[in-house]
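One chain comes next, on its own, written as structure tokens: the form predicted on its own.
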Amino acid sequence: MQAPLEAPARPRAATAAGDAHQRLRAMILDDALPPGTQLLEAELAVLLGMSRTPVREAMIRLEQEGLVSITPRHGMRVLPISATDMREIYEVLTSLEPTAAELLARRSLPAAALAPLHQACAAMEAALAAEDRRAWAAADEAFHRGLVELCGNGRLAAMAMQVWDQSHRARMFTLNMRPLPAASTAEHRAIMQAIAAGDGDAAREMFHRHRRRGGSELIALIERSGLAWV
């Protein structure tokens, strides 16, 4: 019997470049490398503990994704967070996520299937009581991701998650600039109750108002802080 074909192994350089890209991208999105950070290729290689070749390839990918700019002999600079970009991102989210909430409500899933969303709401409420903003942000992200994943439309979920990732950096950067998210926590719980009740119209309308309010608050913070000019 002929042995089954095996996929060719990925070249080590490609694997290292992918690893460098993922690690640098995560640091940028979580603001471990905030806007305006300037680092030489050699400094990044030391930071990541790898050679300069995969780091160079990772920098090129990050530039293509609009996260950094590269200047010869000066390395890469983490680009500022643009209020214009965030406005466009929230316009997309305000269109997609309310539809996901409506679709999910109309699916009438059993309580067990909705448990992750209930748990995310409870985690937000606990984090709010403890004034733990990072824990709250993690629970908020779990709610939004869980909602679109359960809505039953894979394409909508993929589009929403792509845009959600693009907004992650601004949300984390402004986390401590915002007031404690009491209003947002209550809105999540109300949306969850509408979904559990199978009320698609209410879920859609509440989510639409939630996104518009949150987007306006975030964009105003970016404009007032001068973050876009870092």
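Basically, rigid core = biggest C-alpha set you can superpose within 1.5 Å across the two forms. Quick note: we count residues from 1 along the sequence shown, nothing fancier. What you are looking at is a predicted structure, and each value in this text was computed from that prediction instead of being measured.
Just so you know, the form predicted in complex with the DNA exists too; it's not on screen, but the next bit is about it.
In short, of 187-195, 42-50, 26-34, 170-178 it is 42-50 that has heavy atoms within 4.5 Å of the DNA in the predicted complex. Proximity to the DNA in the predicted complex, defined as a heavy atom within 4.5 Å, singles out one entry of E65, E205, D165, E57, which is E57.
When you look in the predicted complex, the only residue of R145, R87, H74, R106 with a non-hydrogen atom within 4.5 Å of the DNA is H74. Although the partner is absent here, T15 sits close enough that one of its heavy atoms falls within 4.5 Å of the DNA in the predicted complex. Along 138-176, not one residue places a heavy atom within 4.5 Å of the DNA in the predicted complex. With a cut-off of 2 Å and the rigid core superposed, H210 has a Cα displacement that falls short of the cut-off between this form and the one not shown. With the core held fixed, the Cα of P179 is displaced between this form and the one not shown by less than 2 Å.
CA of S69 to CA of Q166: closer by 3 Å or more in the predicted complex than in the shown form. Distance between the C-alpha atoms of F173 and E43: longer by at least 3 Å in the predicted complex than in the displayed form.
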